[in-house]
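Single chain ahead, written as structure tokens, the form predicted on its own.
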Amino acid sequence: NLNVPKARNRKIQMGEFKVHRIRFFDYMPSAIRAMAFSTRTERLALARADGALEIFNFSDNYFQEKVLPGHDGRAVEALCWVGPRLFSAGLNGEITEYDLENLRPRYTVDAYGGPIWTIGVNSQGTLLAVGCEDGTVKMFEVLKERIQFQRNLDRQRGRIISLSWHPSGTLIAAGMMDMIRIFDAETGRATHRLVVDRGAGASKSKEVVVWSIAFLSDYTIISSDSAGKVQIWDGLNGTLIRTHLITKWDVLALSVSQDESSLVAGTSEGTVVQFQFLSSTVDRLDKDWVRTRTFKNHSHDVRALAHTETAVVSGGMDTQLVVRPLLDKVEKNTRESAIRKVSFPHRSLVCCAKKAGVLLFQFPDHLELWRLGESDGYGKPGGSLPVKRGPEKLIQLKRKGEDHICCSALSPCGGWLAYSTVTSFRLYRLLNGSISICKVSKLPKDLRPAHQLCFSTDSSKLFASSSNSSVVVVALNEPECKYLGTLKAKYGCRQPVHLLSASENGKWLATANTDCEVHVYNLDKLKLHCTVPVYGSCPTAMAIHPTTSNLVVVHADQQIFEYSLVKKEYTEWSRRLQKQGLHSLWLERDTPITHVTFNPKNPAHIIVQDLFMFCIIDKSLPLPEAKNVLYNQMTLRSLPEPDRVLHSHGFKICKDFQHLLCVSLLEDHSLVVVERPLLDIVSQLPAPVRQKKFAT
């Protein structure tokens, strides 16, 4: 039975592969704390509870194009875009601007007001306002290189929990305990005090927290609070217009559409409630905020929301990012109308030493090294093989310092291990069959903290991507490692390299960056060999074929290209694929391909993997046409041998495994499949605020 949840490391024979089925990578994503959407760049910035930041490109199939690793002392409470620049504020009392090219904080500024709960920018992008624990709203001027403190607004009793600028930039509304204050941004004076009702039957001693606030262009203020209310206020007169009680628990987040016709509120029950500004009469004169929809896509608190032009984006304690299209804004029954849930990173956290049968698992604070188990004999396709020797945890390596691990790599021979944070780089020698470890202390000074790491196939070289899309090449020797050179593109590129792939013959190294550029270097000459024609979607995985030296690149929009490094042109198969087009069901998949590998036994096979399937693309067979059934493996099994040819095509898809974090081929031609079932993650979450009872 392939679906036995207790399976930890089993070999399953599926046609031509024995499969190591791995479920002991206990990856646990962190809760989502804040998000901010930039309509200018169509990027969503997301902050997690461990201080990590993620940037999603909504215009490129929602691809997670950048990850800024977390830090033990950084608790991000709020995010804010100022043009292309990203700022955060947190309970450590600091405002941070991020370097999105080098994936690290650029600088931090202490606001000197205690923990910061909220941050917002005026519509002109010239002033930042932060709400502090000491009751002040502090204003900072946004300069070209930094931010500079400008002034404090009138100090209040009690912390400032939320704030929102009026689009004119002249007023600020701030949410506090039991009240909302309106400030004149020019004079700093508090002009109105709006008292928030604690609700019927509420304890007099229990304060109401105004968790979120929105200031609209018609001077309407909308607030959400810990008493379960969304309230509409007249910001000019300071009077309450309407109260909507939407939950017994907290309403933690608000977000308003850019045209101010729609509003969403996130609750600690896991629901997202939409309100729309509608008219109740034919003449459309008396518009009002009307509750129209309720979405239930989360099991726990919804801590962060973003209202884009066509969708509601939400996240919270259950760690999932949910993109819920609004069906009145998109065409029904299309790719754009499908709900998306991002549960896992769009990059690999698993590294497989193909020659040694050893796996490296990357966690934010440590690395784990495991040896795969072994089995006896052969079994029937789809059956289980008895385990002769179980999997063994060899090493757990804790990182040094407070910065979280951003990348790691294990050499194919299992003898070298490297990892990097944003401030340090470490290299280790693994001895005695990977059960003892020795730190390499003498490293070349050019080997700085890296965005991505990769070893050569013969484990003699290490490649580390550095700033400005450059790659440092180091020869691995004992006891000292030698710097060989730095690979750079001919023209200046500032975006980080997120993919590295070395050829098996040691001649080529391919790099891809988030500007969608793919460069190939000649490792004999340490020079640029060629640049693949730029395609407008970000590469998500790539690999160089061991015998043909063809580079296979898969992009965020699910397109596949094959490029000949010898001829410096697309291959005939690639041109045929682009001319015919990929099957619509292939293009509609909502998780990116994260790994590409090849089958040495059959040079025509390309193996690709995403979260829900792996696919063997057989280039010797015809491409699937629109009329073909793409997922046809069950159909083929039921047909007699002569009829299979009529229904067969080159995309052999296996969906027997779910939530795949790695699919890799070992030297003995067995397949390693690392799964992390979503139910295992959900079972480790704290209990939700409200447990739904049967028939309620």
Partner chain sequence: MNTNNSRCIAAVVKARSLREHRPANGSAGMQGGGRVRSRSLSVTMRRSAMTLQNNMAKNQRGEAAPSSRMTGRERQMGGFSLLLESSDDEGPEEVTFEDSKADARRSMKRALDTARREKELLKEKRRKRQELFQEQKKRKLLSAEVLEEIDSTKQEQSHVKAAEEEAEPEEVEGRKRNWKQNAARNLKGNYTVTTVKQSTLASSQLKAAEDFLHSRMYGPGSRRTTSNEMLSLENKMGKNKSAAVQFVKKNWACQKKAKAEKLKKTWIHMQQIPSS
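This is a predicted model, so every value here is computed, not measured. Numbering follows the first chain given and starts at 1.
Another form, the form predicted in complex with the partner chain, is not on view; read the next lines as being about it.
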For this session: Indicate whether the candidate residues Met177, Arg303 and Leu679 are all in contact with the partner chain in the model of the complex, with contact defined as any heavy atom within 4.5 Å.
Result: yes
Seminar exercise, completed: Heavy atom within 4.5 Å of the partner chain in the model of the complex, from candidates Ser456, Thr96, Ser226, Ser466, belongs to Ser226
For this session: Taking 4.5 Å between heavy atoms as the contact cutoff, choose which of Trp117, Phe87, Trp233, Tyr563 touches the partner chain in the model of the complex.
Result: Trp117
For this session: Using the partner position in the model of the complex, report whether Glu517 sits within 4.5 Å of the partner chain, counting heavy atoms only.
Result: no
For this session: Answer with yes or no whether Glu77 is in contact with the partner chain in the model of the complex, where contact means some heavy atom within 4.5 Å.
Result: yes
Exercise. Using 4.5 Å between non-hydrogen atoms, is Ser299 touching the partner chain in the model of the complex?
Worked result: yes
Exercise. So in the model of the complex, does any heavy atom of Tyr219 sit within 4.5 Å of the partner chain?
Worked result: no
Exercise. Among 241-249, 496-504, 534-542, 480-488, which stretch has residues with heavy atoms no more than 4.5 Å from the partner chain in the model of the complex?
Worked result: 241-249
